[in-house]
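The chain that follows stands alone, in the form predicted on its own, written as structure tokens.
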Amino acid sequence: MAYFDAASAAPLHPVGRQALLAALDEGWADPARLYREGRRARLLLDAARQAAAEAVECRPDELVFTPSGTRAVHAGIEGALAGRRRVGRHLIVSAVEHSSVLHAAEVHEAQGGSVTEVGVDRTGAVAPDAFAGSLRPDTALACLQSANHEVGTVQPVAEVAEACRAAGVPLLVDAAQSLGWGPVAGDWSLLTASAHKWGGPSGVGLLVVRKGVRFAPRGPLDERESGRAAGFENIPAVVAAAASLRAVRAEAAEEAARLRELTERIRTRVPALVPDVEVTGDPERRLPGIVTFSCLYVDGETVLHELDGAGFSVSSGSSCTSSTLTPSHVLRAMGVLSEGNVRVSLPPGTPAEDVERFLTVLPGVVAGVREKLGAPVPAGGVRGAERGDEQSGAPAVNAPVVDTPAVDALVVDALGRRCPIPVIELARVIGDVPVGGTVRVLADDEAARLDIPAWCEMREQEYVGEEPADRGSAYVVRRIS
């Protein structure tokens, strides 16, 4: 089985495993006690803090261990906002932050605070000028991830941190995806991370608060971890987290170069092997091991199931793999295709042979899913409008097509059907209207709002816009080629 979902959780590093087993015997006592076992536990905890601080490039007394990366984010945001409540209650986040940041922003807004969400371009990157333009006199905190967890795009943290510093606003950086590859550049104020992203054990997060940053911990006070993370420290897990971080950093330069070559191989060859694919994320400013692409006319959940059966564990931002049946907020903010989305995130040590096998299996998997859905078949993989003579022999999905009085307009009723069905039905009939004619797609699936405009851009048709309908929405497309 080839595990390609390291962005969710990386396999435990061998050094981390050894440290965990050793610390189970040596680090079980209360590090706050003065007897021998307590002193031994304190030495292990202090050594782990020193090692983690060296990796972050901060002072040891600026770093605390939390029960998870999510808890580090929540504690960091809550504490920074509370510490600067006299300044104001305005919070800035990017539109592609991890859900832990966005959930904290929702709570802040529900409690009377204000939130500005800075948009991103189609690569998933924020513009430093746009971020700086959102700063206000009442801004208490700004948040920006170091690199995106879904598409791998690296954010301009140093430039944003400079603008925040000039405005006197602390910047919290979620470094969960990038910390294993190197320290975060820039004059940031707070930083969070999660050990299971770099090959440490789950249940360990980092929260760094630079000296001079006003910070007021929320909740009942606790003497542990400077009052910023309540509860007895999980010393064996903390020791393993620090040991694995040091180990992956020692291998980072060589392994990053190797994984970049493998992910570039995927980025280049998938569009050549599979027609109608959009590769997402910045092609240059990205993490070494993450590559994401979306396939037209594909049910993402089925693709993941088929790939799992073929021996590949991958992830997806498609709506059909979400418990809410809505597209990933990251893909939505980028304005890229969400249907058939596949995220490949390679853990260190991934064999090149596994990537080659993946590239061999993927075309057949996608073709098989498209055939089952009755999707149009591209003529030789050439981009352009699908015509009736390019359709597959598979039976059509029974979404009724109703002629309107005008001969140059069609209405596709896809109400009650999940994407990619509305997009497939649009593709099947676009050739039935003349150039300049329109197709109105009636759909009530949230993903259609993203996928129909994305289809138009990929197929060089004009997306006219969304219109209200009795049920759902009407998405209007004009044929221009």
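The first residue of the sequence shown is number 1, and the count goes up from there. In this text, all values refer to a predicted model and were calculated from it rather than measured experimentally.
What comes next is about the form predicted together with a further copy of the same chain, which is not displayed.
- Contact with a further copy of the same chain in the predicted bound form, defined as a heavy atom within 4.5 Å, holds for exactly one of Ile290, Ala175, Val314, Val169, namely Val314.
- Out of the listed residues Leu144, Ile266, Ala125, Ala104, Ala104 is the one that sits within 4.5 Å of a further copy of the same chain in the predicted bound form by at least one heavy atom.
- Residue heavy atoms within 4.5 Å of a further copy of the same chain in the predicted bound form occur in exactly one stretch of 411 to 419, 444 to 452, 62 to 70, 425 to 433, and that stretch is 62 to 70.
- Taken together, Pro351, Glu356 and Glu371 are entirely out of contact with a further copy of the same chain in the predicted bound form: none brings a heavy atom within 4.5 Å.
- The closest heavy atom approach of Glu37 to a further copy of the same chain in the predicted bound form falls within 4.5 Å.
- Among heavy atoms of Glu223, some come within 4.5 Å of a further copy of the same chain in the predicted bound form.
- A residue is said to contact a partner when one of its heavy atoms sits within 4.5 Å of a partner heavy atom; Gly203 meets this definition for a further copy of the same chain in the predicted bound form.
- Of the heavy atoms in Glu301, some are within 4.5 Å of a further copy of the same chain in the predicted bound form.
- Using a 4.5 Å cut-off on any heavy atom, none of the residues of 169 to 195 reaches a further copy of the same chain in the predicted bound form.
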